[in-house]
Each structure stands twice: as C-alpha cells, then as structure tokens.
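Single chain ahead, by itself, as structure tokens, in the form predicted on its own.
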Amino acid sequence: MSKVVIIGGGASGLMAAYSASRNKNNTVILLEKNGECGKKLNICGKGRGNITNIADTKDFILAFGQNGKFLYSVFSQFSNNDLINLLNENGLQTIVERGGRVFPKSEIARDVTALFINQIKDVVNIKYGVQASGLFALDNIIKGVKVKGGIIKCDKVIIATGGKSYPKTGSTGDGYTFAKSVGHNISKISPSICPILCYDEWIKEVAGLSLKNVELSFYCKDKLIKSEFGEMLFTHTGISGPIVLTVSKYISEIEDYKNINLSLDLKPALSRGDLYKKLTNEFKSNIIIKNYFNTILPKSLAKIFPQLCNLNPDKKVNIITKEEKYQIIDSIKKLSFSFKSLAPIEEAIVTKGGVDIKEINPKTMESKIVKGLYFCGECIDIDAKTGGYNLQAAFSTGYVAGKLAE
C-alpha cells in the first residue's frame, strides 16, 4: 500500500489523482489551496477549453522547442488520442477546430474539470483550502508534506503546482520553492505566451481594435524568425491576440531584446505590386488621403494612418507622388512596432522555465534526486506554443506521474 499526496488540483494534478487512484493499492490525497480545483483549466481557450491538439507526436515535440524531446516517453504513454478517448468514454464529446485545436463539444472548459472531479471524488480525498508549506524528506527519500498544523506522512508526493503565470488562479511558484528545498535546480522563470509591450505612443489611440487576416512577423538581427497569420488585438500598452501570443513564444527564447523587430502586414493577400496597382487605380479622384484610408482600414486605424505614413492627411489622393505611394505600401505591408518587452509573467498564459528536466526521469516523472518525489505540468521546464500543446503536456505528465513506478 502506498500513500500518495498530490500538491495542486489543476489539469496535471487532477490527471495525476485520476491515474494514481486507478491503482487500488494507493491511498490518494489531493491538496488544493483554492476553494475549487481547475481554476486555470476553467479559463483555458477563453473559457471554451482548448485541451489538446490533433497534431502527431513529432509536431508535439517540435512545439516545445529544445526541451521537447524530454516528452517523447510521456506522450507515448498517454497521447492526445488517449485524452480524447478518456473524455469521450466518460460522456464528454470533443470537436476539432482551426489549427487542429481540440475543445469539448459543449465549449465549456469547466466540463473537463467536472469530469475529472466526478471520476476521482469517491476514491481520492480532496482537501480544499489546504496549502502545502514544504516537503519532508530524510536521506533523499520523501516522507511527507508539511502543512499548517503538522505533516501529512506519505510514501509518494506529486508536485503539480503549476508555474507563476496567472497567480490569481493559484499558480504562485510554490512548486519551485519545494523542489529547490530538496536540491533541485530551477531554470530561469520568465513569461511565455503573453501580450507584447511596445514603446509606440500611437498604439494607445487604437487600443481595443481587433484585426483579422493580418500577418505578424518577428525578426532578430534582421533575420525573420517567425511569421503568424490570423487575429490580433491592440491594447493600451502594446499588442495581444492569437498571433501575438504565438509569436511571443519565439521571442521568449531570445536573450537580447535589443535585436528584436516586429512588423505587421495589414493586407497579406495583396502583394506590393498589387497594392501599387490598386492605389494607382483608386487615386484618380479628389478625395483626401485620410478619407481614403477609411475605405480600406478600420476607422480608428485609418484616423492615424496618415501620420504613420508621414503624409498630410488633407492631401488629395490624385496628387500623391510615386514615392508617397511607396510610403503607404510600406506602412500597409510592414507596419513596424517598437518592441519594449514581453508582458509581465502575471499576464502570461504559460511560464517558461521550472524544474530542470535533467533532474527528472522522463519515463516516470520521478525526481532523480529524491526518491518518491514526482513532478508534472507547468512546474517542469517545458513550454510550447499555443494550440492545446501545453495542456496536453500537463495531462500526459500528470498521467505518467500518477502511475508511480515502484
């Protein structure tokens, strides 16, 4: 018989509890410091629950960058198809959307949390409002978990505390402190998948504007690193939205922000040549330039676009010079942003960094330093692009950690 304590009731913790409780020889306790489980899971995919992706294993590994190979074993033990089947078999059907993203058919993320709670409620002792304060280990062997008022003695501990992003959901970096206290190294913690902050003052004038079918490009030392097509949003401090979040993942891997440049193609379906012909054909009237921009751009952006092109907003289009046409084309095809930084980790969807993967057995998720200690989810130094990849890693590592190698 093994007594197992899981710290954290998010996606990875719930899956670890489910997996561990399937072994009838285990007594499983789940500690959740909040009053409910799955607070972060419940808001994923804007509350719709982008829980995984239909991509194959190779693409999953690539999505996690340089640390992706660490996940080969866990994905082979519990894949995206295994997750989908588990949900379907327990009454939660799924749908696939653009980019292979998988959602519950109900489009309610809370339904995923509810399913897991329903699966474990009779076999796992869920302790709400109980916060772990540390680990109890002797001679590098886990003996228990410290809580207010004493120690919960146990044979195995699974740390499923999440990262440091979205601290209001309970992800406050506790797991890093616990791991470090027993000898683990923590890779640098920083934001990944988050809004981008910019210096440009004009952005404040279009805050709240959402753009569709645009292409954002990220350059480092004038070399194109990543381009992403889709939707984005202007904020008071910079840019956000799906394509920005995706690009931010690649920016998070760059150490020197001084070499970063960003540009936006407002009309990716049109080549520069096509745009030149369009402008030439349409610049035959006596309409002024600021009114012309109203016909091709959203109102708030059109209002400030003449200044972005360095043009007199009251100049008539039929006297626009060839050089000025190219200025307009440059601004439409390569509207530049003065990159400041990624948004603070509190605004990030995912945390970059965490418990060093070199110190974790990739086949079992057990610590190589402390026997009986396991890790799963975002507290590990793994992070991927958007699209359901990160949640799948949480579920897969949680499932494997919950198997608890003897």
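Please read these numbers as outputs of a predicted model, since none were measured by experiment. So that there is no doubt, residue numbering starts at 1 and follows the sequence shown.
Omitted from view is the form predicted together with a small molecule, to which the following refers.
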item	value
Exercise: residue 390 in contact with the small molecule in the predicted complex, heavy atom 4.5 Å	yes
Exercise: residue 130 in contact with the small molecule in the predicted complex, heavy atom 4.5 Å	yes
In the predicted complex, residue 160 touching the small molecule (heavy atom, 4.5 Å)	yes
The small molecule contact at residue 34 in the predicted complex, heavy atom, 4.5 Å	yes
Per-stretch contact check against the small molecule in the predicted complex, the hit in 356-364, 35-43, 66-74, 336-344 (non-hydrogen atom, 4.5 angstroms)	35-43
In the predicted complex, the one of 265, 228, 174, 324 near the small molecule [non-hydrogen atom within 4.5 angstroms]	174
Partner-contacting position among 170, 195, 306, 104 - heavy atom within 4.5 Å of the small molecule in the predicted complex	170
